[in-house]
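First comes one chain, alone, set out as structure tokens in the form predicted on its own.
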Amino acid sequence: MGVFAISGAASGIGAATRNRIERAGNDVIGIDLDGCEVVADLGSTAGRAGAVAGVLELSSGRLDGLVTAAGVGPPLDPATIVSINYFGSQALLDGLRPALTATGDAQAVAVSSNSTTVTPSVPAALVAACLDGDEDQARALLAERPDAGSPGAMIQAYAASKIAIAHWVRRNAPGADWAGAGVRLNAIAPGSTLTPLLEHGLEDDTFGPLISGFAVPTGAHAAPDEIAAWIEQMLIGDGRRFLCGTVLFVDGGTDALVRPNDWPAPYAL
């Protein structure tokens, strides 16, 4: 069977995905702050380099799949949110790509979010700084906000980080370095999922009511395993070969409820 690396594998969606991939007979190299084969802080340059080096060593330089599930959100410092969610994910995708291409038939799934389409007024300059690879600029833009550290800044930082990683996937997936090298790169955009991250938000006096009031047409929150089931299909499902550059929304219908006519968008020349 195969060898897969999963960041954020100690809890939430990452842990649920690990369980599914291992039950299917595969080996998993987990990456997290604690309790995994590779212990690393993806919020720092040194931590990202250590994570890549650790996975390459344990995998002997060959991976059948990668999931970047590590992520943080409100209530937390906005700059930390962007550093982990975008720059941490992108560093793993970029740094472990040679191990994925070494197999000639691999899958990579970045965990985005439905906040990409339902969060208003996300700063385009912040998304652009991420996609330009300028972490210092991204953090500076957040620090310079008149409402730096406010709930609004946290929410927009989270959405910007998830928009940026989804756009990075779309930009790179069809290219020679990914699809051309036998690696299918995609993203999943979960909605409200009962992970430790969401539970932390629900316990907050400010964010708890906002989260609870967010409309989910199918009702309730998703269980982490419900999202992991779709990631499993993207990694080892029968139809995975033809999936490339897709951002798959698994959000109980929230995106469709809020923006029913915005996608698919006509291609205007």
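When you see a residue number, it is the position in the sequence shown, counting from 1. Bear in mind that the values here come from a model prediction, so they are computed numbers and not experimental data.
The same protein has a further form, the form predicted in complex with a small molecule, not shown here; the description that follows concerns it.
With the partner removed from view, the residue among A228, I29, A40, L235 that has a non-hydrogen atom within 4.5 Å of the small molecule in the predicted bound form turns out to be A40.
Contact annotation: of the candidates I163, A173, I155, V72, the single residue with a non-hydrogen atom within 4.5 angstroms of the small molecule in the predicted bound form is V72. Within 4.5 Å of any heavy atom of the small molecule in the predicted bound form lies no heavy atom of I21. Of the heavy atoms in Q107, none are within 4.5 Å of the small molecule in the predicted bound form. When the small molecule is considered in the predicted bound form, L197 lines it closely, a heavy atom lying within 4.5 Å. Using a 4.5 angstroms limit between non-hydrogen atoms, T246 is distant from the small molecule in the predicted bound form. Screening 188-196, 129-137, 173-181, 146-154 for residues having heavy atoms within 4.5 Å of the small molecule in the predicted bound form returns a single hit, 188-196.
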